[in-house]
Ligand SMILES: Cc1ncc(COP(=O)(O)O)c(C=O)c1O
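The chain below stands alone and is given in structure tokens; this is the form predicted alone.
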């Protein structure tokens, strides 16, 4: 006799909840645990955004209602203007932009739009785990392209080209990268675009952290490549640039033919992004102070220096590559043969520090853990005080 579980859809049983989400739930049961896990900046949403939304709540009748399905027209117009400057050509707010519930929904509807059963999707390893689950849910097959750790988690173009088959449909990647914090160079981007162009592949770029590189590390542009405009899909978020993770608002840039179909999924599943969050995004773009996201960048740059200094003092336990962007470090641990989940759970239960097991990001991440330095400097230091004490027991 079939159980209820037996009768559930195969597509949902083929995926899992990411360890990025599992670890905070496990940590909630450990009193006093300090999180260096989930990618949440400890900064408040900037005051000008909070105040702007408060005024709108008092004065506007529209904030609590559905917006138009693809988003507030004025927000889409601002987004299109922003992208047009970078692209060096006109981006059409009606034909190319859909406001979504974060970059996660933008990714999900893009993947669901282009991937059919059996299609292969090239993903870099290590890489963001939700790409795997969203690909599987759409009926696709993730194919992993290892990055070169010894050179700083860099692209190996030969391995990328070798991974392409007749079934390959798309390449998905994040820049700056989650979980490594590395930035694909202009040369890397040109090579990825060349492969996509040669083999007629869709290219999906997750640009959640595009605003966040450190020092003089340049952030290459994807939207400028005219040769793949009919297959280029970009996913953006307000979450990190404006400390708005809980507002759940982002946007999808896509060719008209793709957006037309992706909008059907957006409509069927969410109707529209939360209207109050769209207005918050509108305030973020229209009332942004001169310093803007620079305050967030400066805050995270200072935290990067602190966490790197603490990791340097633990060189007997961790090796790592200093991140060039985003706010993650993938540290390889030493001294123990524990797998990354075992290491992570011991660190949680014995040192009361939350990190994410590296195996969640692909086979190249096994033997590593991902640190997020979105926490306060005080909590970063407290966490590493605990790790240092725990290290002496290994």
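Residue numbers count along the first chain shown, from 1. As the structure is a computational prediction, the values presented were derived from the model and not from experiment.
The following text describes the form predicted in complex with this ligand, which does not appear among the structures shown.
Could you work out which of 278, 135, 96, 178 is the residue within 4.5 angstroms of this ligand in the model of the complex, going by heavy atoms?
That would be 178.
Taking this ligand in the model of the complex as the reference, which of 253, 124, 209, 242 has a non-hydrogen atom within 4.5 Å?
Among 253, 124, 209, 242, a heavy atom within 4.5 Å of this ligand in the model of the complex occurs only for 209.
Would you please decide whether residue 164 lies within 4.5 angstroms of this ligand in the model of the complex, comparing each non-hydrogen atom pair?
Answer no; every heavy atom of residue 164 is more than 4.5 Å from this ligand in the model of the complex.
Residue 300 versus this ligand, in the model of the complex: is there a non-hydrogen atom within 4.5 Å?
Outside the cut-off, so no.
Contact with this ligand in the model of the complex for residue 107, defined as at least one heavy atom pair within 4.5 Å: yes or no?
Residue 107: contacts this ligand in the model of the complex.
Are any of the heavy atoms in residue 131 no more than 4.5 Å from a heavy atom of this ligand in the model of the complex?
Close contact exists here: in the model of the complex, residue 131 approaches this ligand to within 4.5 Å, heavy atoms only.
Pick from 135-143, 232-240, 263-271, 67-75: which stretch has a heavy atom within 4.5 Å of this ligand in the model of the complex?
Selected stretch: 232-240.
Using a 4.5 Å cut-off on heavy atoms, which residues of 46-69 contact this ligand in the model of the complex?
If the 4.5 Å heavy-atom criterion is applied to this ligand in the model of the complex, 46-69 yields nothing.
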